[in-house]
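For reference, the chain that follows is the form predicted on its own, supplied as structure tokens.
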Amino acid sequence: MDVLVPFDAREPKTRLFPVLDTDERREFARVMLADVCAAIAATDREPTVLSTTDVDTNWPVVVDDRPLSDAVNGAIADSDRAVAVVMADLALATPESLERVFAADGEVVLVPGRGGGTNAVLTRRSDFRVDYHGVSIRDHRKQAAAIGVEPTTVDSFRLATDVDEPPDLAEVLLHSDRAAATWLREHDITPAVSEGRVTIDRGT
């Protein structure tokens, strides 16, 4: 099985701008990437980082500057093995949650993200194609149906939680003790409660 971790090494996590500046966003994105790759490696599978440009990491890197969907589809088409795609911002991912995906039955396995996204895909069909624009989980179900496949769904809180916006950082702080959570605490980012909801606060 090939396990790909797409990564935007140029301008990652722009929606975290209200909390993190440009350099901090790049650093935090790399920390999350390392957490995800380490969790994959703990399942006895080697991750390959599919990056928009070269990036310093302990794992093999394939540079492909095409848009995300095109880069992933190229990798699927070129592989003669099953291909899993795990997003680089799944800071809550654990080996156990990922193993549920890798061991799942079915020719196409989908992990929904919050808000209609798709946070992980496993395809055992080289003719399956991804499309990460818009409501991608709906589109991926349609893609599977188009090739005659009923997709398997893995419902996981940890894998459904991707880090895109400031409130997502609270989830990392509350539910993880890995490097990404440590990085946030070292930068004085802590959970806070506002109008009955957990948000974040940054010390000065």
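Note that this is a predicted model, so its numbers are computed, not measured. Just count from 1 along the sequence shown to find any residue number.
FYI, the form predicted together with a further copy of the same chain isn't displayed, but the following is about it.
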Worksheet item: Would a further copy of the same chain be touched by all three of P47, S51 and P67 in the predicted complex, meaning a heavy atom each within 4.5 Å?
Response: no
Item to complete: Choose one stretch from 39 to 47, 22 to 30, 59 to 67, 164 to 172: the one whose residues place a heavy atom within 4.5 angstroms of a further copy of the same chain in the predicted complex.
Response: 164 to 172
Practice prompt. Could you work out which of A160, V149, A34, V55 is the residue within 4.5 angstroms of a further copy of the same chain in the predicted complex, going by heavy atoms?
Written response: A160
Item to complete: State yes or no: in the predicted complex, is some non-hydrogen atom of Q143 no more than 4.5 angstroms from a non-hydrogen atom of a further copy of the same chain?
Response: no
Item to complete: Indicate whether H187 is a 4.5 Å heavy atom neighbour of a further copy of the same chain in the predicted complex.
Response: no
Worksheet item: Any of the heavy atoms of G106 lying within 4.5 Å of a further copy of the same chain in the predicted complex?
Response: no
Worksheet item: Wondering, does A179 line up within 4.5 Å of a further copy of the same chain in the predicted complex on heavy atoms?
Response: no
Item to complete: Taking a further copy of the same chain as it sits in the predicted complex, which residues of 1 to 20 have a non-hydrogen atom within 4.5 Å of it? Please list them.
Response: R15
